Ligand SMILES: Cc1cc2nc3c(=O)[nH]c(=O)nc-3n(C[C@H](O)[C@H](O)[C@H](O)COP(=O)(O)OP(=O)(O)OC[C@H]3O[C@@H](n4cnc5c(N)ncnc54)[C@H](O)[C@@H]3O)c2cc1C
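Quick heads-up: it's one chain on its own, the form predicted alone, in structure tokens.
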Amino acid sequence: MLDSKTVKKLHKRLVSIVGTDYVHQQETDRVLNAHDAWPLSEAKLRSGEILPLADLIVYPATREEVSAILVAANEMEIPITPVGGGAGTCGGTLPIYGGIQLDLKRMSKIYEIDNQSMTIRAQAGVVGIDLEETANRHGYTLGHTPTSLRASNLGGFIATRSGGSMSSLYGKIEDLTLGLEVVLPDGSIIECKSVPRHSVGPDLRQLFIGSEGTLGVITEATLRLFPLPEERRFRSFSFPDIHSGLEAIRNIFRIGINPSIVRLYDPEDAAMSFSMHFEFEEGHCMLLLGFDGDIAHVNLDEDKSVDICNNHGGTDLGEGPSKRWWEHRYDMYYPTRLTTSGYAIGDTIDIVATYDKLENVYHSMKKVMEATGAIVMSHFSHMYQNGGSIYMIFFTSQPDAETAWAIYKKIWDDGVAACLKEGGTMSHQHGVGLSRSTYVDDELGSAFQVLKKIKESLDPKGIMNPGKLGLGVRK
């Protein structure tokens, strides 16, 4: 936290940039912005713990205002934490060193849709559902539909390398982002030109995609669009085990089919998610498939996928489970008694691996996570030609806060260690933030030193979101 004299000086300077109404000092505002959707931060708040607060929250409306704010923070060496919708699950927007929270919610303009190039350009603060619905009204989709779509924004998508439920067909946000505008820590404004491909040195867009506010502030982006599909069709299968389900998925992609939705639930997750609504063999897994495109294309992809699933021991359950999941996919993200009472805490470790390693990663992580006494259930989703991700979901309930936080940390430590040992990567789409920051060195190995040097070069005073991505820890 800053001393009162520094806060007063900073407040005056920020007011001169954005006006009195857009610099907030009230404790209630700072408490509300002190956490995101990281389950540990939410659990600590429920238990009565006080999280670190920013000294001031500032709401810019333009890239010029963002630039001026960063100039002030850099000159005064004050930490600054960018925040968008606050829907991140890893503590990436927690102001752990106080200072300024740079809230981008006012930067919500959608500038244009280019029908010739099929692109959309918007400010970073636009909420995902507003961006998608605007595209829909013009006959397009971004194909980017994370479960946080109604509570997260474009800048957050890009800063965390987010993925939507249809990434198997449309790609993740790094595949969709054509152009970027970024304000660097010294206030410089740079633009990465919007082009489909180029051969002019390294792709600097990828330097800032996934940087989680540690290298600068994303203020604008241009994304690719897709025509709304003529047909969206669903199909569901049960499988006797994980192996047969994964083999079916692998062979669907192997022949060049890219379903829009591919989700394989292990027996525990299948029972939790579908047994109340559909009949299938106890102990079986559940595979959900979705197909987007023109009718002829969808017919062909569906028929071939059905044959592959049948050949690998799948039982056809029609469209029911898949369609129900699509229509209710946001329901499970509302609070329940399991996640809002006592010292119960649940979380997800979203890993990714190639097909040759995927099953070993799953079994190894499940074994060590269950050894803590946690309930563990999983589903494979965001699948691609070469591999895919697993959501390792766990729940634990303990008698007191100290034990709960210790068990939570052990589940994470053991689960990530097992993932890395078996050749997986510790995050597919949720990013790093605080929850994974201590594992980045092990994940990146010697390449971590390159990332640290980039950070030191762009942000020598270490003001940008310190402590996230394992970077810029302040003394």
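This is a predicted model, so every value here is computed, not measured. Just count from 1 along the sequence shown to find any residue number.
Keep in mind the form predicted together with this ligand is missing from the figure; the text below concerns it.
Is S152 close enough to touch this ligand in the model of the complex, meaning at least one heavy atom pair within 4.5 Å? Yes.
Y391 near this ligand in the model of the complex, any heavy atom under 4.5 Å? Residue-level check for Y391: yes, a contact with this ligand.
Please check if A418 has a heavy atom lying within 4.5 Å of any heavy atom of this ligand in the model of the complex. Contact with this ligand, no.
Mark S148 yes when one of its heavy atoms lies within 4.5 Å of a heavy atom of this ligand in the model of the complex, and no otherwise. Yes, S148 lies within 4.5 Å of this ligand in the model of the complex.
Within 4.5 angstroms, counting heavy atoms, which one of the listed stretches 155-163, 279-287, 253-261, 192-200 is next to this ligand in the model of the complex? Going by heavy atoms within 4.5 Å, the stretch is 155-163.
So which of P321, G245, G213, G143 gets a non-hydrogen atom within 4.5 Å of this ligand in the model of the complex? Here the answer is residue option G213.
Partner-contacting position among P267, G187, G98, G86 - heavy atom within 4.5 Å of this ligand in the model of the complex: Among P267, G187, G98, G86, a heavy atom within 4.5 Å of this ligand in the model of the complex occurs only for G86.
Each of T93, I218 and H430 within 4.5 Å of this ligand in the model of the complex, by any heavy atom, yes or no? Checking in the model of the complex: T93, I218 and H430 are all within 4.5 Å of this ligand.
Since the partner is left out here, which residues of 35-66 would have a heavy atom within 4.5 Å of this ligand in the model of the complex? Residues within 4.5 Å: D36, A37.
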